[in-house]
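Just the one chain here, laid out as structure tokens, in the form predicted alone.
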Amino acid sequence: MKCRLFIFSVLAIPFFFISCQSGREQTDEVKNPAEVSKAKLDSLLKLMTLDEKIALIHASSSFTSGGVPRLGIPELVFSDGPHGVRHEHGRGWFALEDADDKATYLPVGICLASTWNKDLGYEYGVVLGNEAKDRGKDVLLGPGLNIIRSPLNGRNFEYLSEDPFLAGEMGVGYVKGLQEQGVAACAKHYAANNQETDRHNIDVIISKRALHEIYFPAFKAVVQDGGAWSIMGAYNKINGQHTTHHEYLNNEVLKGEWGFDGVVLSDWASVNDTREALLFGTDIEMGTELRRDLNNPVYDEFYLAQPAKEMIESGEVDQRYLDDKARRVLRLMYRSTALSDHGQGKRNVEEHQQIALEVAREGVVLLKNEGLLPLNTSEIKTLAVIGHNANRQFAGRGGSSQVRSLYEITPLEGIKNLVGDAVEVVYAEGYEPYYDESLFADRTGVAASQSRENSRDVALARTANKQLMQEALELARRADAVIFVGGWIHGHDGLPWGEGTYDAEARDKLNLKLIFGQEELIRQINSVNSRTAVVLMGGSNVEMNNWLPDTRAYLHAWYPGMEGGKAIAEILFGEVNPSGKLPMTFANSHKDYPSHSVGEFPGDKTVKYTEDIFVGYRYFDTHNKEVVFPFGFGLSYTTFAFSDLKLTKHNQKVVVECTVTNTGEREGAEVVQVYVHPKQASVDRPIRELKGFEKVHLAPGASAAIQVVLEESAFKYYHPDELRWVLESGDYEIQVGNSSRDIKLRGDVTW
């Protein structure tokens, strides 16, 4: 049990209480910790010295910010990560080897978004909140809300979608579930942090319209609808100023327009200027020692430590800026486990593992199925499972989001557990990960990027393991069916952190080509066994045109968490009907995406977002560009029909109603996606924008009436010249479907 003794003196009357993580009776004030009056905070601030206030706004160790021992105010304790509570570091930077830090490893963010299930978003947050609380954490660094602008971003697996509405809706549930346990969410990375290449230095050149329509909405949703208690700044600049201390982002928009009363936390080492941090909204500075000596950090030399104190003492910066920061930090402490008792947490319990399983079941996306799936154990005597990823664990990799998982069921284990003695399962690795510096060297500019791509192609051809390939093909020839499990990986064993990584922090991919010779291996397997299902892991798509046409079934599994192998097996053999839908467009090449074909990625010190609001399907659908699998797409083992569209406009809202019927023979789930299209517009607008969705589970032959309410905001755009949201009069088409390119029902409303 974790207990903290807090001592306050208000109006010269001492007040003592003990905050314990237990089931003891709580005071009325503690029962409603979010409602902390400004007067109460101000009374506490008056007791604090300048040094004590300064202590609150910068790090005191790798994952804590300072407290005030004299007043019993504890340090704030932070932890990554978005899909599981990170392993323990103690006060140092490096992981402790003997800590009690095993945790539930949930499917990654993009897998959660693929469920399109808002209830699962909430349950996901509940799991994280309980496990963080059990580990003594006050703030969990998540959810990741950055828009998937390019499929090459190394951290896309942590994020939710290319669409701001979907990211916001899933993020709101996550934040509510987490914070109801008394652990603060810290939505990240605000904002336009869409690449890892040169992330500390790049300057994103972007319009305010694109910020407000694409890159801000998910953050706005978790602030205004989710009630997020903290937000993390990003490394990059936007239009010349670092985002962590950006006057427009923090003061005008976040704390001004949106009314955010929480804490703006820096990313680790994202503060670059003391004066700007004081004036432009940074409330706590973390991690700056990463640019100094990891083994001997000097916390008093942080930008918001001694340098900030000197600026305030000299009068260069008014103390009210410091007081506002300290007040926000104290408010966060009262809201969270730091200064309030939210009960005892729980960790590694069966109910958490069940949520991990449910998210994986609904997040895995079936993209192709030509009569092969589901497999039937009565028709298979020998099953070949091929691919390194079939037996690889992912929890402990990926950068800051790594988790020390209690266990992790691989696809090979899941398949063996499901079929038991009914089927002989034979396994071949097929390919092996390897490291070649030419695949990962830092990119500086488009020309260098192209050169690296060419050298990568050469390296792949040179180093594919022919012996492993032949062993796999021998098994494939004699098997009744094949399951190939491949795709991306988080990293390569035995290399330093950040080296040899594909889906990980601090690195971006060079292209979407399947790594380690997998493309050739899949083609060869298809040639010897036509009953082959491909399962790919990873935070993005891969190039598909050279192997997909001859492949009968394709599942995209992302990184599906500790129960992922079980979920994959259940889907392959039909015990679970797949219901995942893509939260991003799958085009064949990265060059097809607007961030590459219209804008810049990764740029050279500056990155011009000249595609503006036309990100993802907004670009592909509006300009009728070819894709392999569209946004929102995903197959099922049953079929659904949409009918009876009814649109009702009332009180500045539009109510969209329709009926969905399961017309097949299996129980299944469908996602009703509602898009809005202005039929006449005075500015360029996409042909459709997602503005509502509902997931419905139906028995065979059953129907359900679905209702989606569109607020007035669903029809507005951010005027590029007037710099405000505008509702333009005219006709709007409401499009209802199950992907952005499969619109089943259409109707018009007029504003």
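Residue numbers here begin at 1 and follow the sequence given. Only a predicted model underlies this, so the values are computations on that prediction, with no experimental measurement involved.
Note that the form predicted together with a small molecule isn't included here; everything after this is about it.
Novice: So which of W268, F586, F642, F573 reaches within 4.5 angstroms of the small molecule in the predicted bound form, heavy atom to heavy atom?
Specialist: The residue from W268, F586, F642, F573 that makes the contact is W268.
Novice: Looking at L383, A569, L141, I148, which is the one with a non-hydrogen atom within 4.5 Å of the small molecule in the predicted bound form?
Specialist: By the 4.5 Å criterion, the partner-contacting residue is L141.
Novice: The chain here is shown without the small molecule. Which stretch in 343 to 351, 514 to 522, 228 to 236, 256 to 264 comes within 4.5 angstroms of it in the predicted bound form, by heavy atom distance?
Specialist: This holds for exactly one stretch, 228 to 236.
Novice: Please determine whether E358 contacts the small molecule in the predicted bound form, using a 4.5 Å cut-off between heavy atoms.
Specialist: E358 lies outside the contact set for the small molecule.
Novice: State yes or no: in the predicted bound form, is some non-hydrogen atom of E505 no more than 4.5 angstroms from a non-hydrogen atom of the small molecule?
Specialist: Although the small molecule is absent here, E505 would touch it in the predicted bound form, with heavy atoms inside 4.5 Å.
Novice: At the 4.5 Å heavy atom threshold, is R199 in contact with the small molecule in the predicted bound form?
Specialist: Looking in the predicted bound form, residue contacts with the small molecule include R199, since a heavy atom lies within 4.5 Å.
Novice: Consider N391 of the chain shown here, and say whether it contacts the small molecule in the predicted bound form, taking contact as heavy atoms within 4.5 Å.
Specialist: Residue-level check for N391: no, no contact with the small molecule.
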